[in-house]
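Read the single chain below, which is given as structure tokens and is the form predicted on its own.
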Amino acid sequence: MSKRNTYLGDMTRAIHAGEAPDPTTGASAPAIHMSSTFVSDSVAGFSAHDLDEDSPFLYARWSNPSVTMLERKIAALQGTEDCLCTASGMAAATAIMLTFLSQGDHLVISDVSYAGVAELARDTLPRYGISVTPVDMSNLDAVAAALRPNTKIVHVESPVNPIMRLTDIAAVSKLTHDAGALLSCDATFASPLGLDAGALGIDLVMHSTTKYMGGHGDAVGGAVAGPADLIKQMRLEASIHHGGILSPFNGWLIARGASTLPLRMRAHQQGALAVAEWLEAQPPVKRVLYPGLPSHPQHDLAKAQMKNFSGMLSFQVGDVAAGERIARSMIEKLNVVHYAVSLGHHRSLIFWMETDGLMDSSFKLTGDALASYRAFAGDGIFRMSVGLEDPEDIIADLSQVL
């Protein structure tokens, strides 16, 4: 599993990594291996502890050819030694937390992150004796102050969901490693082609492969990429013991989508920039947040850190009443853009996110942390995932409601 791919170009890696013609049939496209068990041709111990990268396939919870193919493809795209695929992005986050954190350990986590991860950290981990400190990761002094002798993981997200605030990952990586901890990063918004994990000092980079990796909104999955020794620990703990494994069929679907990831990410970025520039000129829009815009407060960091600005943006339209009124109009009138949650699909998606509602449910920020959030989001934002439609058609659709 840890063998690196030697293909040079992103497109070549996306298409060929993990794949080979079928040795039996000669089929060029990879097969879907739905079998839960595999016939063994040798006497072997019945324990996952005996597995290594050369072990044959025995049982699908341990490994499966279709999922292994996707893992090798993602590792090649992300530039890491190995990858573990999981049943969802949340399963990927849980795999990191429950493999490398134990009772008495401490987690430092971005105070704005995917809602499920925020709730896992706040509501679940403390029940197991794990202490958690949420922190604004754009404030390096706050990150440094949050670190403790028992800090084992610092978990960042960049850009953060949903306000598009960035983290200086290289700077946080230095603070993390100086403290003897691991740095994990949710790079779902950026995609594997948006952040160079190795150059930025990320130990474990996770994705909801439901989003940009799969790219078509038809398969739920997750992944964690990183060094072979760390992934080996997670494979035993998360896959074998927790059981949050990826379906072979979903693995095949996501791999098919990943084969066009470089092309799609270029198109997502191009379309998002066109939509973001148009939104900035619309009177109802008070603020647009897109890392590729010079108006983004961290645009210089984005240029230094991101290889692709992706298709995610958010924008303000004023108070809650204005947001809800425009949201209702979107539900009634939009044709090209779907009023729906999720992101990273070939279709454009948009959804209204009220600040107070997110504070009540997921983030529960107060004081300076809430002020930092409101500096980006105001009373609420529309989070938009710009798809692969012609930008002119997306803009024409939005013009009906803005």
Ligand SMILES: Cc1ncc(COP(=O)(O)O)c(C=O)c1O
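We number the residues from 1 along the sequence you see. In this text the structure is predicted, and so the values were computed from the model without any measurement.
Another form exists, predicted together with this ligand; not displayed. Remarks below refer to it.
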Is this ligand close enough to D10, A76 and A197 in the predicted bound form that each of the three has a heavy atom within 4.5 Å of it?
no
Listed range touching this ligand, judged in the predicted bound form by heavy atoms within 4.5 Å, from 125-133, 171-179, 155-163, 243-251:
155-163
Quick check on this chain: which one of P291, G89, G226, G215 has a heavy atom within 4.5 Å of this ligand in the predicted bound form?
G89
Let me know the one among R235, K211, H296, R264 whose heavy atoms come within 4.5 Å of this ligand in the predicted bound form, would you?
K211
This ligand contact in the predicted bound form: G221, any heavy atom under 4.5 Å:
yes
T188: heavy atom within 4.5 Å of this ligand in the predicted bound form?
yes
If we define contact as a non-hydrogen atom of the residue within 4.5 angstroms of the partner, is V337 a contact of this ligand in the predicted bound form?
no
This ligand contact at A258 in the predicted bound form, heavy atom, 4.5 Å
no
